[in-house]
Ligand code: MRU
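Shown below, as structure tokens, is a lone chain in the form predicted on its own; questions about how it binds or moves come after it.
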């Protein structure tokens, strides 16, 4: 199962909004449709968003007909601007688009630009796959035999170009023969944990139990959790972590109960230009995601809604950050 793949002149992705009941795929040669898929979370997860954005630029390059390089450049830059407006928090999106723009700056013909942009998008995807593998290997060293982990949101193959970030650690430990159990939060309001994480872990034959987001403190009080491992959408240079809303809650609860709290992400998720989490923009989602559950309204008419998609976990709550480069322990300094 691949979250996204390049078909030569089209992009194929699994529609994550239909999982786990339907395994439906979307194929498109239109970067605007791909941009909408990012915006509406048909594809989600910081690394996967970055890959999708790169492929979007490749599609835009293929859709230009003509030989005037300046017109071509304007066309591609318009695509870059549109894709950059889809999700504001995940830094991989902007990192990936910057790489594509850097390629555009090195060429002066349409034909060469097309080839190099497609090549760069494929490189970004391959690199992420390798980063996922290394994150899994580094992180698995932190997991002992007969451990019970708690994870939040979805950080597996659906969220990346490989086996995942935090979830790659889980699947790697499982392959190594370590006996592990996983508690997965449902992850309100879009239920990525219930719909996606449990689906992926079951496919991998891993013992997983679904819980509501509000059960985590009680589980830790019962000493049922040995460690927490989550992903990240952006990491500031001081180690502050932006991740799915509810992550900060977990970090506070884990610290109170003396449970290690690990964050796993590729180095492309680290934003060395952002000093702290205070400067990370937090995306707010549509009120409908909170007021409705799969098409059925669950809140009264006229209710006010506040629905941030992410929160910020201070570095002081993080036991270690795991990247493809290794296990980073505090004090963090990614500048």
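Please read all numbers here as calculations on a predicted model, not as lab measurements. Numbering follows the first chain given and starts at 1.
In what follows, reference is made to the form predicted in complex with this ligand, a form of this protein that is not presented.
**Student:** Within 4.5 Å of this ligand in the predicted complex - does that hold for a heavy atom of every one of 3, 42 and 125?
**Tutor:** So, no: the whole triplet misses this ligand.
**Student:** Could you work out which of 169, 232, 150, 83 is the residue within 4.5 angstroms of this ligand in the predicted complex, going by heavy atoms?
**Tutor:** Of 169, 232, 150, 83, the residue with a heavy atom within 4.5 Å of this ligand in the predicted complex is 232.
**Student:** Report whether the minimum heavy atom distance between residue 55 and this ligand in the predicted complex is within 4.5 Å.
**Tutor:** Result no; residue 55 lies far from this ligand in the predicted complex.
**Student:** Decide whether residue 46 counts as a contact residue for this ligand in the predicted complex under a heavy atom distance cut-off of 4.5 Å.
**Tutor:** Yes, residue 46 lies within 4.5 Å of this ligand in the predicted complex.
**Student:** Even though the partner isn't displayed, in the predicted complex is residue 192 close enough to this ligand, meaning a heavy atom within 4.5 Å?
**Tutor:** Within the cut-off, so yes.
**Student:** Report whether the minimum heavy atom distance between residue 99 and this ligand in the predicted complex is within 4.5 Å.
**Tutor:** Residue 99: no contact with this ligand in the predicted complex.
**Student:** Using a 4.5 Å heavy atom cut-off, indicate which stretch of 155 to 163, 75 to 83, 175 to 183, 111 to 119 touches this ligand in the predicted complex.
**Tutor:** Checking each option against the 4.5 Å cut-off leaves 155 to 163.
**Student:** Using the arrangement in the predicted complex, list in sequence order the residues of 288 to 312 with any heavy atom within 4.5 angstroms of this ligand.
**Tutor:** The one in contact is 310.
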